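First, one chain by itself in structure tokens, the form predicted on its own.
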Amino acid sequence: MIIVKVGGSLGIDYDAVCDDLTTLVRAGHQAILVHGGSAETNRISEQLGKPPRMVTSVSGYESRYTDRETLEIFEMVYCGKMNKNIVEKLQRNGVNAVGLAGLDGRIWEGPRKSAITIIEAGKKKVLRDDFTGKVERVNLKLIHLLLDAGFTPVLTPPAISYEGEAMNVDGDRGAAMLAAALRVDRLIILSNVPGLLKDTQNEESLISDIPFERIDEYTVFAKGRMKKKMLGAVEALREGVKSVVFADARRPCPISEALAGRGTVIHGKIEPQ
């Protein structure tokens, strides 16, 4: 079983990701592709007169403020344009892909935050009416039905709250929970950088190997979106995944390269908490 999360930032080669996934599926591997769509969501939000609002939590993590109107734009891009474009690419390659959101069949389920506390202009501020949350539970019945029938799931946020509300969740952390629930050995997280860099302005400063017991020494290098990817990696490893690979989705054969260890490999078997 191969689980791949590919981000939605500028520069990602989705054709290369889909072509590589096709090769692996044809070789007999079951696979699930989890994807984002942040750059396209930003572009369309601007066109619709609803510019994205990025906020920073008190713990230093950046996220998209998601009121109901933003959630609808988010769904339009993630569940519509991005998801169906990826499914189309895979179908063109002969892979019988099925596009799903985390709320379908309650695949991703968890609590919706009633309010979020952010830091703005150096001060704490509480935002309400935010449709964001966290994946706490993965319901695998639909996933197993599809995999057993020979389909390749293509999964994207949003998730569903316990009360039945769609909510924006972090795709990297959702993929981590999915990998743990399926008990895979390795989770691959692809983005538009080679991996974790000591210097974000220098792609030659790649950190290639991180033992889990030393991960605190390396979190200082995680900037911006990479902070959430590191958090997802920690959660996956704590739940029993043996290794997480951050790799470059701008290269040919990005999944195969990640499986071969090209990128940042975070490893170390630890007991689930």
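The numbering used is simple: start at 1 and walk along the sequence shown. This is a predicted model, so every value here is computed, not measured.
In what follows, reference is made to the form predicted together with a small molecule, a form of this protein that is not presented.
Highlighted residues S38, A222 and M226: every one comes within 4.5 Å of the small molecule in the predicted bound form, counting any heavy atom. Exactly one of the stretches 139-147, 184-192, 106-114, 152-160 approaches the small molecule in the predicted bound form with heavy atoms within 4.5 Å, and it is 184-192.
Mapping the unseen interface onto this chain, L197 counts among the residues with a heavy atom inside 4.5 Å of the small molecule in the predicted bound form. Contact check for A16: no non-hydrogen atom falls within 4.5 Å of the small molecule in the predicted bound form. The small molecule in the predicted bound form comes within 4.5 Å of no heavy atom belonging to T22.
Not displayed here, the small molecule is kept clear of L259 by more than 4.5 Å at the level of heavy atoms in the predicted bound form.
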